[in-house]
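Only one chain comes next, encoded as structure tokens, the form predicted on its own.
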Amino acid sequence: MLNKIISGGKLEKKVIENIKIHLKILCSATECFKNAITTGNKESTFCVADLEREADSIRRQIISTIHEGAFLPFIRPNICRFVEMVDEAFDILEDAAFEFRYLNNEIYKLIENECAKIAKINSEICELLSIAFDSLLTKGDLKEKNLAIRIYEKQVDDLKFDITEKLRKIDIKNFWDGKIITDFVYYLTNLSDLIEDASDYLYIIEVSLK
């Protein structure tokens, strides 16, 4: 569908290709973070910041190309908003990676399994968002992808509830231990919310093209 609008337009094709790259880098970052959590290797989380810097350069190219005149004016705001939401997902993943390096290990062990499951879901949900974007281009079933993303997001909500219940039962005496574990859980569990919102914007773009 979007391909019909971009056919023949060099600027539009450049934007589409860069959005695909932007999404692939996000998938690499979530996969890297999942591996860091699974192995407990805190130092390996620095790959998230490296990928975020790479993605930021791509994001600037996308926005710059759109401002050069890519796409009809009515569709530009929604595409820009989608790109910004993906960028916000990078930011929150980088925040989660930062807090992960400073977690109190004794407290973290209590919720380690749930966090590993959420990191796995975050990786899979990013792959699904990338597939959903391809569906927008190829007239695939975008609704089906949106529904699957919502199901993943619900699973994260359930795991967040389990984590909260566990953390409520322990006595955390150090302020910074409490703040860091709270912030980490917030960042880890809110990535899927942003992906869900980005997926909704794909649907808005699809509807606006009808």
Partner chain sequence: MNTKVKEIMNTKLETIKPEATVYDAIEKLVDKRMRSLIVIPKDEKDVYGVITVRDIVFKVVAQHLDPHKIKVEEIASKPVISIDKETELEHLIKLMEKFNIARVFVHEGKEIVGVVSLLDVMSASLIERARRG
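Numbering follows the first chain given and starts at 1. Not measured: the values here are computed from a predicted model.
Here the subject shifts to the form predicted together with its partner chain, a form of this protein not shown in this document.
Taken together, the three residues D177, D183 and Y187 lack any non-hydrogen atom within 4.5 angstroms of its partner chain in the predicted bound form. With its partner chain omitted here, the record of contacts in the predicted bound form names 161 to 169 of 161 to 169, 22 to 30, 48 to 56, 35 to 43, defined by a heavy atom within 4.5 Å. Between the options L103, L110, C80, L128, the residue in contact with its partner chain in the predicted bound form by a heavy atom within 4.5 angstroms is L128. Though the partner is left out of this view, E88 does not reach within 4.5 Å of its partner chain in the predicted bound form, counting heavy atoms only.
Mapping the unseen interface onto this chain, E94 falls outside it, with no heavy atom inside 4.5 Å of its partner chain in the predicted bound form. Under a 4.5 angstroms non-hydrogen atom cutoff, its partner chain in the predicted bound form lacks I63 among its neighbouring residues. Though the partner is left out of this view, E84 does not reach within 4.5 Å of its partner chain in the predicted bound form, counting heavy atoms only. Contacts between stretch 124 to 147 and its partner chain, counted in the predicted bound form as any heavy atom lying within 4.5 Å, involve E124, E127, L128, I131, E144, K145, L147, listed in sequence order.
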